[in-house]
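The chain below stands alone and is given in structure tokens; this is the form predicted alone.
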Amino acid sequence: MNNLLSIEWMKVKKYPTFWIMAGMFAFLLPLWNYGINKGFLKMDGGKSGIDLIDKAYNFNNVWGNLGWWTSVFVVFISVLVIILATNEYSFRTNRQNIIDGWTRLQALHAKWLMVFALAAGTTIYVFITGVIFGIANDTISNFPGDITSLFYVFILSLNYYGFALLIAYLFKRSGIGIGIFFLYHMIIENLARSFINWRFDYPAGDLLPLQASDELLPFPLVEIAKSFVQTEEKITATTFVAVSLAWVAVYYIISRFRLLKTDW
């Protein structure tokens, strides 16, 4: 397994697109949150007795806050996954891998190892960013606070990257794959979710592939508002985690079937 992952690393370490897309995520996530934290969206000029923006970056809330913004910027890495996987078809490196002695399953598992590595890397980066913001806005004695959301960041990243890899295997072209990804992510799933929730008067639409992990990291101010109002959760976080992982398993099964049953 380590050998497969090291080969994947050799493919991307000198690939400019990899560093550009990863760099955009790494740059924009802290920059955007820094802008919020330092006053762009301060309420009442920071003079109110309860400053919600400052509270969003103490150790108890920083993980959920960064997690929600991660769910926004994670699309950069998702697009990167599509590009890296479809490049195997565009440059025929998948066939070269077979010539070099790989099996198709090894080629598939190499890409899935890359997905897991990217999800782990995303989580570690959010952790480091959260520690920095937490120290800047809170005392270190309150570390780590409610860090459960950091685990949700890993689940969300794994879900998004696995879905992106499935799209790449289904369509095999980066342009088409990226277009389908955004079409589903921004339009199709939102419409389907709204219809299902309306039709059944139950939030079953929240269990759709990407939405299931999105529900783990809701918009922070919504969570703060909920803390003042007693609301009953119809679907628990544990269910969303289980459903998200189930979807990841579905992505793997479909991509495996697709890879083994189609020509390269």
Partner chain sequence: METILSINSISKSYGPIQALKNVSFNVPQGSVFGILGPNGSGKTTMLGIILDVLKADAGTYQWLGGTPNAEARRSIGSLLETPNFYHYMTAWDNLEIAAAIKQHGKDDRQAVLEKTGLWQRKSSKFKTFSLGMKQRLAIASTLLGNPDVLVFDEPTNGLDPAGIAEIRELIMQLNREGKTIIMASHLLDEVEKVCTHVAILKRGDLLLSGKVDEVLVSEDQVEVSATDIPALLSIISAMPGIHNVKQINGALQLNCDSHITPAQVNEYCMQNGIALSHLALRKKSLETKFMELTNK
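What you are looking at is a predicted structure, and each value in this text was computed from that prediction instead of being measured. Positions refer to the first chain, counted from 1.
Not on display, but discussed next: the form predicted in complex with the partner chain.
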Just to confirm, Thr139 within 4.5 Å of the partner chain in the predicted bound form by heavy atoms? no
Does the 4.5 Å heavy atom contact test between Ile176 and the partner chain in the predicted bound form come out positive? no
In the predicted bound form, Arg104 touching the partner chain (heavy atom, 4.5 Å): yes
Residue contact check: Thr262 to the partner chain in the predicted bound form, 4.5 Å heavy atom: yes
Check, residue by residue, if Asn58, Phe127 and Phe151 all come within 4.5 Å of the partner chain in the predicted bound form, counting heavy atoms only. no
Only one of these stretches, 139-147, 119-127, 167-175, 93-101, has heavy atoms within 4.5 Å of the partner chain in the predicted bound form; which one is it? 93-101
